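In structure tokens, the next block holds one chain alone, the form predicted on its own.
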């Protein structure tokens, strides 16, 4: 009977529908097990309530409004009803989260003294399912490398570009090659536009835009010999930096050049977009990182990050963290809310990239290191490592969205490895759907064009959009401004035309006299303001006795009691 009660306890502990009245004592057994079951159920219920409370905080729209100061009873009642509705909707969202977000992200867990960074890709491949193991591969094309990569926002398609002119589009779900072309000139970078139908390639002289079938659609000659490309999907802007240090923004919907700025800090090939606010960051050979927006000819921020050249940088998906690496073999993690270094790691990286869940990949030579922050304290430590075959030189690392996969572009082709816990397990089909059909893609394209943001919304703190600007104190106009205003008023008085009156009242002398009166009338407010300021300054001088007496006698002046 003891075994029966143990099994009954395990079945009933996860069920809240049974109360104490449903429990009956079995014949011949002790009743001591019954309170144990009820205590277990109560503990389970408390834990579930705590979990729900934590999830409710996530869905609440900030703190509740303080209604004590509201005097209008009708308004107070309406606001109270609104706050009650907010609380109910947050509770409902927290309860159904397990149905809306069914998948949970997993990480590598080591047992005992084992370390996760010692686990090899071969060991992971033996434990995962067949579909996941297919994502471990190595494409070797030594004659056309080195390669660079880019994924679509939903992670379904990948564009690979070889330095020797090879462009390829791959369906990552079926691993089928959709199209490949040979442009027969140098290709430095590749970037997808708003969906998989269009991509831009930075070639030897100019960047070109191609469609999915490999047809050349546009040649962007105004950009010049581009080194790096980035696409701002919310603003439909293609940003580029060329050999001469010129940063350009072009609207791909209308073809209009939005911004063309000379950085003045020399040639650079380090460029990244902050996904939080759309600000473009450039890393320079002087060790500085500058942040730009298309409506400003000067950088929004110019910060010295390293004593030597900046080799790469990356932004966290939340937009508050930035990772930079320098030639002095150091990786720095920056808090962009305070522009301070929060961590310095002693390792070099030629390329950096953050995953959707906050893992940081750093690649240099033929070695790749994955750093993770599991504690949430922004303290990154080694999570996984991977060594490529000898002779492979890593050029770019890029996490695939919504998958635990890291794409690697290197000198001999491109590769893919498994990084558990790197991708977001639950996708929002309204934002990015890896399984979208052609009809859904067309609908999404129309909606994204309707929701397109103007370039003026790009700023360091996008939460200020829609807020009311705080009124500032009126600055006192300078002497030059006052003189300019007075001259403008005099000119307008001189240019006034008089009506033609009857004979005798339209003499030139009377006209001149009237014009002089108008000029004096226009001057009068400015002269009165000058005399008033002069009097106030004289009064201030009189009230200060120290200014009237010589320096030798100022120490004998009676001080006023404070």
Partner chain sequence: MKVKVISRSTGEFTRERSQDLQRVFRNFDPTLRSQEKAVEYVRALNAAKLDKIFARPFIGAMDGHRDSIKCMAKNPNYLKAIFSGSDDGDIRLWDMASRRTVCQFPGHQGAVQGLTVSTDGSILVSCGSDCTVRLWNVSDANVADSDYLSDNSAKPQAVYVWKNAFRAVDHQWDGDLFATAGAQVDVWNHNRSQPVNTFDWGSDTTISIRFNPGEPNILATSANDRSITLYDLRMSSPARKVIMRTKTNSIAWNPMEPMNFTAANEDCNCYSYDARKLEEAKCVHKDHVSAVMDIDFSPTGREFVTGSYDRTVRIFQYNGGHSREIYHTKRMQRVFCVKYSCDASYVISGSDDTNLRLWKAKASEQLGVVLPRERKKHEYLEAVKNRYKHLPEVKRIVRHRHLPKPVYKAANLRRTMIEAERRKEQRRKAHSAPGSIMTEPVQISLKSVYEMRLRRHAKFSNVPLPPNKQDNYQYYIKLKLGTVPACNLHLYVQNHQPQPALNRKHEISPASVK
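Nothing here was measured: the structure is a model prediction, and the numbers come from that model. Rigid core (definition): largest C-alpha set, two forms, superposition within 1.5 Å. Positions refer to the first chain, counted from 1.
One more form of this protein should be noted, the form predicted in complex with the partner chain, which is absent from this view; the next part is about it.
Across the proposed site, 221, 300 and 485 without exception lack any heavy atom within 4.5 Å of the partner chain in the predicted complex.
Contact annotation: the partner chain lies within 4.5 Å of heavy atoms from the stretch 108-116 in the predicted complex, the single such stretch among 247-255, 333-341, 108-116, 177-185.
Note on contacts: among 231, 208, 427, 392, the single residue with a heavy atom within 4.5 Å of the partner chain in the predicted complex is 427. Taking 376, 264, 466, 346 one by one, only a single residue has any non-hydrogen atom within 4.5 Å of the partner chain in the predicted complex, and it is 466. In the predicted complex, no heavy atom of residue 215 sits within 4.5 Å of the partner chain.
Proximity of residue 74 to the partner chain in the predicted complex: non-hydrogen atoms within 4.5 Å are present.
Among residues of the shown chain, residue 197 is not one whose heavy atoms approach the partner chain to within 4.5 Å in the predicted complex.
Using a 4.5 angstroms threshold between heavy atoms, residue 192 stays clear of the partner chain in the predicted complex. Counting a residue when any of its non-hydrogen atoms is within 4.5 Å of the partner chain in the predicted complex, the hits in 119-148 run 119, 123, 124, 127, 128, 129, 131, 132. Relative to the superposed core, residue 75 undergoes a Cα shift of 2 Å or more between this form and the one not shown.
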